[in-house]
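We begin with a single chain expressed as structure tokens, specifically the form predicted alone.
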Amino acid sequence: MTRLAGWGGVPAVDARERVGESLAEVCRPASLTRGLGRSYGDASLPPHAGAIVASTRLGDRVLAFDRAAGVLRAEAGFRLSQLEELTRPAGWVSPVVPGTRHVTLGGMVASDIHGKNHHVAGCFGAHVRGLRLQVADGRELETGPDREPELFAATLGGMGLTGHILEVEVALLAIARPWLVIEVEPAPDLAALVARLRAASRAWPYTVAWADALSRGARLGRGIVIKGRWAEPGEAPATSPIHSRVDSRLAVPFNLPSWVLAPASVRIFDELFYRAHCWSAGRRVVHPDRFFHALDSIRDWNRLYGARGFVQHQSVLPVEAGDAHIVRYFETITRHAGASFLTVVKDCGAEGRGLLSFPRPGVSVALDLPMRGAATQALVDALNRHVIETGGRIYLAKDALTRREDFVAMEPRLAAFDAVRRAWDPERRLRSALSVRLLGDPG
């Protein structure tokens, strides 16, 4: 038995983990496939203790890389870090990049990840040309936009519940220089932050904002807007930057005591972080990992939250709900003392083709919450009431505490997703702790 948990550390389940170079073989008896465990909550955990989980760790071979067309096909366990080291020197990068490069292609599909360029590039699934799946009855088949399109759409963002993902084929993004030009701009309050984030989206392919989740009054939601684009010839060297320059030099060696991220210490961090970025505002060329994967520079940073772990709540509030709801959302965070040293705000673009994909046009807010039992559950419940009221949704790859009734209330696409699962897996052989919690699957 192996004790498994997501990146947040809660919940944890004892499982029988199968590892092998043949993904088709290790997946056949498993109820779920698991990559590197970087989803935060229970999405990569088995439905009950003792269940079999297939690991993709050894299924990470490149099957084809067309350097002229920029199309890569690899096994599901191929990591984003491996992809960047292989393709970036050749002038190609992943079209969508999440906050960490320690994720697999299979996980990127199952979560239909989005990045700082969602407003122009959509989700990762928009660039996937094909998948090789092993469905619940053991058959292997090719899926894509034109091959079993309903199954393909349900698999994008389907959290691994429609079939074991064995192979992924994706179209990459061409770049002129492997460096990023960024511009940092402070915003004194929430209204300015959202306005500047939206304005930046019209001119910059990558945009993101950090917000001070504990400030109140006139400074509610103050923060930093960061914009980025790949450098053009003449702006940066043609040689690719070295990953080791930013990769995991620092480490958190053990779980820190809970007071480290108490509201008082987070308030001090927020003040210092805001002032530091005000002083460093402006434009410069940076290593792409510093922009895309800043937290990867601290190995095991999840230990900052101590032995009780943490949860992340990420939701998107639709454009049509109006900006007043964003203010109310932040007021709920401060009212519940939702101390989070990492509160990220993004401007999302059009909805993707994945049946349960997260983004839709609106403002996304993600915050890390130290696990404090009932108090954390109460905050998540309160935030979800906003999500339901506005017609928004939550990101399943981050969730651990949403109640089933709340998820059903906020997810009108659930019936279509269930129909695909009934067609391909009527006995619910493929399931997870998340699907038991949110979809009513048997435990």
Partner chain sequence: MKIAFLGATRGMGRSLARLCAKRGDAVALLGRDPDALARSARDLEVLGAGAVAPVPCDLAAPTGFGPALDAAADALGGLDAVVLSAADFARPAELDADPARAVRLATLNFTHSIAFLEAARVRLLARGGGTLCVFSSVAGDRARKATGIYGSTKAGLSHYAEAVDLRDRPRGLRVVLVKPGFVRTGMTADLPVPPFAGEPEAVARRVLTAIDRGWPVVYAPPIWRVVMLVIRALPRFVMRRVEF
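Since we're looking at a predicted model, the values are computed, not measured. Numbering follows the first chain given and starts at 1.
As for the form predicted together with its partner chain, it is not shown, yet the points below apply to it.
Just one listed stretch, out of 367-375, 67-75, 112-120, 283-291, contacts its partner chain in the predicted bound form at the 4.5 Å heavy atom level, and that stretch is 67-75. Among the residues Asp347, Glu167, Glu148, Glu84, the one placing a heavy atom within 4.5 Å of its partner chain in the predicted bound form is Glu167. Only one of Val62, Ala382, Val408, Ile388 lies close to its partner chain in the predicted bound form, with a heavy atom inside 4.5 Å, and it is Val62. Its partner chain is not drawn, but in the predicted bound form it has no heavy atom within 4.5 Å of Glu427.
Put simply, Arg403 is far from its partner chain in the predicted bound form: not one heavy atom of it is within 4.5 Å. Shown alone here, Leu58 lies within 4.5 Å of its partner chain in the predicted bound form, counting heavy atoms only. Within this chain, Val19 lines the site of its partner chain in the predicted bound form, having a heavy atom no more than 4.5 Å away.
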